[in-house]
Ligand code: AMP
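Coming up is one lone chain in structure tokens, specifically the form predicted on its own.
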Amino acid sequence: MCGIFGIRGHPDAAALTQLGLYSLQHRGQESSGIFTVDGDGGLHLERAMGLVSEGIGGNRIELLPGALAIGHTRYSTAGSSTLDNAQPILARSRGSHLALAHNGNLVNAVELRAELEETGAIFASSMDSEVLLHRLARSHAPTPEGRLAEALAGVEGAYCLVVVIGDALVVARDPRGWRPLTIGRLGEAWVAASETCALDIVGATRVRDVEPGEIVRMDASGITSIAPFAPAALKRCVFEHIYFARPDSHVFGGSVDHTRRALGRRLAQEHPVPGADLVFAVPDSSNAAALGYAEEAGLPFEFALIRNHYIGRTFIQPTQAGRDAKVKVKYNAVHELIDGRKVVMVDDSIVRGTTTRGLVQMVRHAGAREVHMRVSSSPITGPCYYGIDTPQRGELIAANYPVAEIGRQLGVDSLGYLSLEGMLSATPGGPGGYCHACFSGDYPTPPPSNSRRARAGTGVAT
């Protein structure tokens, strides 16, 4: 999962891209970068490990002139955590330039890479996105959108792309629509971003989403759209609404905050806790679901866990040691609210269970009389191959234990997950058109083999 941003036709393109990336920081904290093209055709690229503020903040924006820019915040799903794998990535080809930023995961990247290497291609990174840059460089199509269409032919998996080809900004979304991508307008400038919250911060007005399978070119003449791929069944990632997207964004045609509240209401209907004193969230991604639960159950919602906002998302830490360390300093319990109470603790998901176990212990130490865990998604029983790097089945607690045993291991008095039907019914447009493979095992494409996944290199999630 990554955040991407692009803008064409604004003199402060780099500064606006930086702002957009701040709004997309929740989608990736591993590295960040901005690429610009100035009025004389000069190319400028700044990339760094860490947060936007740590790597490409402050005066470094002055090194990025031009009215055309793309940016990226990275959370690794393919490729190791190194500066070589930071994006955007840049290449020069046949007297021109290509730059690309990618959100998603290509399930056949290993095969595509092997084909390119057989014909002499040399790779500078281990990430799947570089495959697209090589294929783009080999295209002889007469238009930027045609070149990108040729590069994407035969590519399987999830992708949203912002690409610079010459003086054009070209954006694309895979035919199944796994990841969100939206287009906005800022004066005479065109903007594209992973989420609408990035449009809001720069003052752009949302125009529309990029449609699944669509490629859009933005240049001096306006925008041009093509749909070069055969239609495919919609498989939008339901986890965007459950966890990843910001609650102030509109994703897949609906409000993320509205969806999360609906998830919480349905969860209260399916798993009430009679006699409970209060409801609280594991902040921040679970706040809206906990509010929905409290509203439906007629219970007070309290801020009984306080989050340190100077600590990043534990889900997207690349190592278990990093996740464990951050949990210890990320949360603290409000003893006065919890002591002697029967509490309902709402979280959006449980992956390995290590984070949840530590939080339950914290709540117990704060004096809770009973702790009842409620989860606003179904049990995660399989890995995701489409941009969220959940672990292999052996590391997923719900893939290996029944709910009662999970509750015992977590140390709660009861545990309730939202049903798959209830989860999907709360999403915009109803239950159809969503990918839920990590919950149901219903994969839209053949999953890559373990050996293939290992060769591609992965990041890790909590």
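All residue numbers are counted from 1 along the displayed sequence. What you see is a predicted model, and the numbers here were worked out from it, not measured in a lab.
Keep in mind the form predicted together with adenosine monophosphate is missing from the figure; the text below concerns it.
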- request: Answer yes if any heavy atom of D347 is within 4.5 Å of a heavy atom of adenosine monophosphate in the predicted complex; otherwise answer no.
  value: yes
- request: May I ask you to state whether T182 is within 4.5 Å of adenosine monophosphate in the predicted complex, using heavy atom distances?
  value: no
message: Y75 versus adenosine monophosphate, in the predicted complex: is there a non-hydrogen atom within 4.5 Å?
response: yes
task: Indicate whether F239 is a 4.5 Å heavy atom neighbour of adenosine monophosphate in the predicted complex.
output: yes
message: Within 4.5 Å, heavy atoms only, which of G146, P272, G213, G353 is in contact with adenosine monophosphate in the predicted complex?
response: G353
task: Please pick, from D257, D174, D389, E130, the one residue with any non-hydrogen atom lying within 4.5 angstroms of adenosine monophosphate in the predicted complex.
output: D389
query: Can you say which of 239 to 247, 136 to 144, 222 to 230, 84 to 92 gets within 4.5 Å of adenosine monophosphate in the predicted complex, counting heavy atoms only?
result: 239 to 247
